[in-house]
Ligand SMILES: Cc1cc2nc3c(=O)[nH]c(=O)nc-3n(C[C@H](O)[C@H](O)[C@H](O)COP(=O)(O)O)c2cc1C
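Quick heads-up: it's one chain on its own, the form predicted on its own, in structure tokens.
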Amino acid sequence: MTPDIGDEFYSGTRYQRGKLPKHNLDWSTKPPVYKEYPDARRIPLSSPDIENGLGLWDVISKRRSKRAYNVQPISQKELSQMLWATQGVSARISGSALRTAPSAGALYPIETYLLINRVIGIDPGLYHYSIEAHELELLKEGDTSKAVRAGALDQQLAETAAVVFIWAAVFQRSKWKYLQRAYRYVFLDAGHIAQNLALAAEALGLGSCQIGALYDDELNNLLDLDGVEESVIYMSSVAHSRR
């Protein structure tokens, strides 16, 4: 890693009055906001329940990072609820699908992948969340929990969780409009999504912990991402916590 690269990035992407970068948006090259795996086996998810649950203020006050989990599985309905809370479609306006978490310019650069270990009715494996259809797409079947743990700087919680959310950024979705400033927005978007997950997990009586320390290339290789156009940037583990 280049010394001071973070300082250079922050300085180089500042906005200064009268010196904003100028470019014309080419709508013919606007990247799609959804990624699909058309040949993957698809697993439909139940519709989210938005009528019940704890009050927002209770959830916020109780949220804590929880790293020790038991072996109890979570339900498919709980997983569905958390996926919808993080990136589900919450409204459609003028043909655009708006989501539960904010995104700069409504460009939605973040894709959700999942390591599923213990979800009732869903086989263990690596999955992709199809947002538009509210379905899972199976990418790799079987137990890959040790590989995910290795990619999370060998942290045990990434192996013992019932589910690990793995968020990857498709950078061009944001760069199309915001150029190099887009990288700031991409990471902010991921933070919005992760906080929604943390609150949703708490509302469901589950424990979660966000994971920012990771071996980028190991996780990209596991998910068959190139690490340039699309790269893993953030993770979160979810399970029933040990009391």
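Treat the numbers as computed from the prediction; the structure is a model and nothing was measured. So that there is no doubt, residue numbering starts at 1 and follows the sequence shown.
Here the subject shifts to the form predicted in complex with this ligand, a form of this protein not shown in this document.
Just one of Ala182, Leu206, Ile193, Cys209 comes within 4.5 Å of this ligand in the model of the complex, counting any heavy atom, and that one is Cys209.
Leu157 is the sole member of Leu114, Leu157, Val119, Met82 with a non-hydrogen atom lying within 4.5 angstroms of this ligand in the model of the complex. Heavy atoms of Ser47 never reach within 4.5 Å of this ligand in the model of the complex, leaving it off the interface. The closest heavy atom approach of Arg64 to this ligand in the model of the complex falls within 4.5 Å.
Residues within 4.5 angstroms of this ligand in the model of the complex, judged by any non-hydrogen atom, belong to 211-219 and to none of the other stretches in 24-32, 39-47, 170-178, 211-219.
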